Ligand code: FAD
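A single chain, nothing else alongside it, follows as structure tokens in the form predicted on its own.
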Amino acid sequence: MKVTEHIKNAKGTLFSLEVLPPLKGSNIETIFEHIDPLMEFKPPFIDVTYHREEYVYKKRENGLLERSTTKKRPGTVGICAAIRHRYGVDPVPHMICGGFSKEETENALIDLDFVGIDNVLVIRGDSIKNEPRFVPEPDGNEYALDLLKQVHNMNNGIYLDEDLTNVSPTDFCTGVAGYPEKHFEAPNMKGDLKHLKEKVDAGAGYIVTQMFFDNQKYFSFVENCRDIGIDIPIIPGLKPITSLSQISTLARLFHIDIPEELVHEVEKCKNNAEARQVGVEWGIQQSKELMEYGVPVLHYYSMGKSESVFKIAKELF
């Protein structure tokens, strides 16, 4: 079932989560151990991220450097199939621009269609760590909007090979990312919202936000979206603080503000266990306020750790 159908049929706020593929060499049990406790809260869908290939440079005997491709977290398509088989839950794989040509993207979408996946979250993805800015693959999609259009072309039976006959259209429901504190590359919020509106006009079915810790930023974001004609569901993305260091690392990596009150409470903690408890308490209050606001879904970025998300959800669902 499509994410938009789950939202339409819901009688209240839904619970969902996002999981990371395990590191290369790990098995699917690491995913199941993470998801199993959270099935108590009946998530109708589970997001599975995709991590692009990265490069390392190895020194050869002649002194020259040879670029070698590494793939740290493969398995998104397989994990989605496993989630669907084990739990009967709709998986939502992330589709990214980075590391894929348009043909490779098309082939990945065909694979997803063959295993019965109804939803994809379309995002540009991050640049490679040693690159100062995002660089698409040759003949790859440069922006999330380009990738979104490719998905919707396939939904309309339009493939890259124009000579194909008797083609079967796909039927993906597409989600896109939204940024309550704006994307860090956008010059201002107005410009960022303009690009988001372009994706909605291109057929996006729903929006999932970047994590935030100040609900007012989400409320303002939703209001600004509605003011420019964005009327699709806007799902808040939440991440409980789980360690002392996350106050600084999350702010730096995701370009978000951490409320002064939350920073103060975490800084009083003596260890990570105390910081996790603060994160749970903040997450519960933040989630309750969002539910009172009437959000369609509470979507948790679990980062491979279910304990804090479980404690929050236990108070809500």
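In this text the structure is predicted, and so the values were computed from the model without any measurement. From 1 onward, residues are counted along the sequence shown.
Separately, the form predicted in complex with flavin-adenine dinucleotide (FAD) exists; it is not shown, and the next lines address it.
Visitor: Heavy atom within 4.5 Å of flavin-adenine dinucleotide (FAD) in the predicted bound form: which of Ile110, Ala202, Ala186, Ile158 fits that? Just give me the one.
Guide: It is Ala186 that has a heavy atom within 4.5 Å of the partner.
Visitor: Scan Cys173, Ile83, Ala144, Leu238 and let me know which has any heavy atom within 4.5 Å of flavin-adenine dinucleotide (FAD) in the predicted bound form.
Guide: Exactly one residue meets the criterion: Ala144.
Visitor: Residue-level question: is Asp126 within 4.5 Å of flavin-adenine dinucleotide (FAD) in the predicted bound form, judged on heavy atoms?
Guide: Yes, Asp126 is a contact residue.
Visitor: Would Gln246 sit within 4.5 Å of flavin-adenine dinucleotide (FAD) in the predicted bound form, counting heavy atoms only?
Guide: So Gln246 does not count as contacting flavin-adenine dinucleotide (FAD).
Visitor: Consider Gln210 of the chain shown here, and say whether it contacts flavin-adenine dinucleotide (FAD) in the predicted bound form, taking contact as heavy atoms within 4.5 Å.
Guide: Although flavin-adenine dinucleotide (FAD) is absent here, Gln210 would touch it in the predicted bound form, with heavy atoms inside 4.5 Å.
Visitor: Taking any heavy atom pair closer than or equal to 4.5 Å as contact, tell me whether Gln286 reaches flavin-adenine dinucleotide (FAD) in the predicted bound form.
Guide: Contact check for Gln286: no, nothing within 4.5 Å of flavin-adenine dinucleotide (FAD) in the predicted bound form.
Visitor: If contact means a heavy atom within 4.5 Å, which one of 163 to 171, 224 to 232, 111 to 119, 91 to 99 is the stretch that engages flavin-adenine dinucleotide (FAD) in the predicted bound form?
Guide: Comparing against flavin-adenine dinucleotide (FAD) in the predicted bound form, the contact stretch is 91 to 99.
Visitor: Heavy atoms within 4.5 Å of flavin-adenine dinucleotide (FAD) in the predicted bound form is the criterion; list the residues of 6 to 44 that meet it.
Guide: If the 4.5 Å heavy-atom criterion is applied to flavin-adenine dinucleotide (FAD) in the predicted bound form, 6 to 44 yields only Glu18.
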